[in-house]
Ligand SMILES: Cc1cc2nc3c(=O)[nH]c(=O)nc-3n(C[C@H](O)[C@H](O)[C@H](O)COP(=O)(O)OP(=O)(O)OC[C@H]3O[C@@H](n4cnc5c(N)ncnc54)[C@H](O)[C@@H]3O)c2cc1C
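Given next, in structure tokens, is a single chain: the form predicted alone.
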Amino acid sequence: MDQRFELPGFSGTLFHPDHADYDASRKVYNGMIDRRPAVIARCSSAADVVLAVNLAQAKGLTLSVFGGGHAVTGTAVCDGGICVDLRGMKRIDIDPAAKTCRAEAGMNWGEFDAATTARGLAMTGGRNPTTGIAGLTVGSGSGWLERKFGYVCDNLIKAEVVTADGRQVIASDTENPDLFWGLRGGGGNFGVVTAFHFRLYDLPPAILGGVLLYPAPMAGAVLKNFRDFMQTAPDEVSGGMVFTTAPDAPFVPPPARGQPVAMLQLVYAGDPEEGARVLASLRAFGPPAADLLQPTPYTVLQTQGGNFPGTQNYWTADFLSQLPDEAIDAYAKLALTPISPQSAIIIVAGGGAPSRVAEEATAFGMRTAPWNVHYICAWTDPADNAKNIERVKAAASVLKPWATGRVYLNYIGDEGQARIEGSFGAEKLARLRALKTKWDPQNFFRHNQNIRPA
């Protein structure tokens, strides 16, 4: 019989295995993950989080933290332990005059963007609306507005945190600044963030965005042109090239439907008319088989990426130090044979605002990498798991000669401790391990891309 845990004073909802909503509540984005916590504690306040943390400590149980459940590792849920479920905490308070907000950690980016854009404000957010704000922020936070407004962690003003010993503390530039440094890129290693205070920015009601669609054999030429364009592009331009399979949709030319394609996904974070002028040369190149750039609400642009919840998923990634013609020629061949109909190989242009933040300012590093490549694959049949995982790894090997050895942690799967530690570099890893020793010496928060205590 499953052990039942009670939490006197808990104001949220406890989902034990016999609860009608238990199975739905333990599902994460990656269908490969099938873990069964002893209890899912859906919190409604920071006080609830404290109770759950203290219970896990008292019982010697593993603790996981469920924000959006979008990470491919599925670490939002654990086996036999306590899942702190933040999805009952979705309040957001916006100060339009100060252009700031306080957002509780159970929100996802669709909810966050809807609330902020209703006030004419925005900031960088995840490229998928179902991604949780919590995991993305502490992992650093890449998104389509990053070149203009910086990474999510660059816009974090303050965090409200529950520590491993059950205390509620503030992390900011003036309160626990060491913890504040570690939360910006060090993942969920130092505590449970229950609320984030962010800086916001003005954004027009509609911005120029969408995709330029090309036949897969044009991938190399298009990427070389895009690479050259981005060397002098203003910060307002963010974008990446996507190798995928065209959907059977009206906006896709009939011959391309269901076929391998190369897409330039572009966003201009500013006046749409100025954006049309800036992006004119990109739109003229080729020309594309379909030009789907148009003034569009940011919230709509955020829904245009692939979204395959519940399918089998495997991801990996790399930062690149350069992208010479030789690399593009090798990489472009990947456009011709998608790993699966639901796969996407995305190479995103770096630079802009994140590259002007000092490397040592946050735990997240690799700010000057000109390219960030993300290999995503989804499929439906678990019998294809081994085959597709190997195909993703093979695809990722093509650009390894130009990889920095560092990686954006939110983009990789369970790839081993050496991969995690190598992503930070020796100097930052030493600082992070010392920070872990101070704030979580027993490695209580370990169901994550883990940083071990020194």
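The first residue of the shown sequence is 1; numbering continues from there. In this text the structure is predicted, and so the values were computed from the model without any measurement.
There is another form of the same protein, the form predicted in complex with the ligand; it is not shown, and what comes next is about it.
For Trp315, a non-hydrogen atom is located within 4.5 Å of the ligand in the predicted complex, even though that partner is not displayed. Using a 4.5 Å cutoff between non-hydrogen atoms, Ser142 counts as a contact of the ligand in the predicted complex. Although the partner is absent here, Leu136 lies within 4.5 Å of the ligand in the predicted complex, judged by heavy atoms. The closest heavy atom approach of Gly306 to the ligand in the predicted complex falls within 4.5 Å. Segments offered: 272-280, 121-129, 93-101, 248-256. Contacting the ligand in the predicted complex at heavy atom distances within 4.5 Å is 121-129. This chain is displayed alone, yet in the predicted complex one of Val192, Val373, Ala219, Leu156 has a heavy atom within 4.5 Å of the ligand; that residue is Val192. The candidate site formed by Gly67, Ala71 and Ala105 is fully in contact with the ligand in the predicted complex, as each residue has a non-hydrogen atom within 4.5 angstroms of it. Residues Ala76, Leu86, Ala105 are the members of 76-111 with a non-hydrogen atom no more than 4.5 angstroms from the ligand in the predicted complex.
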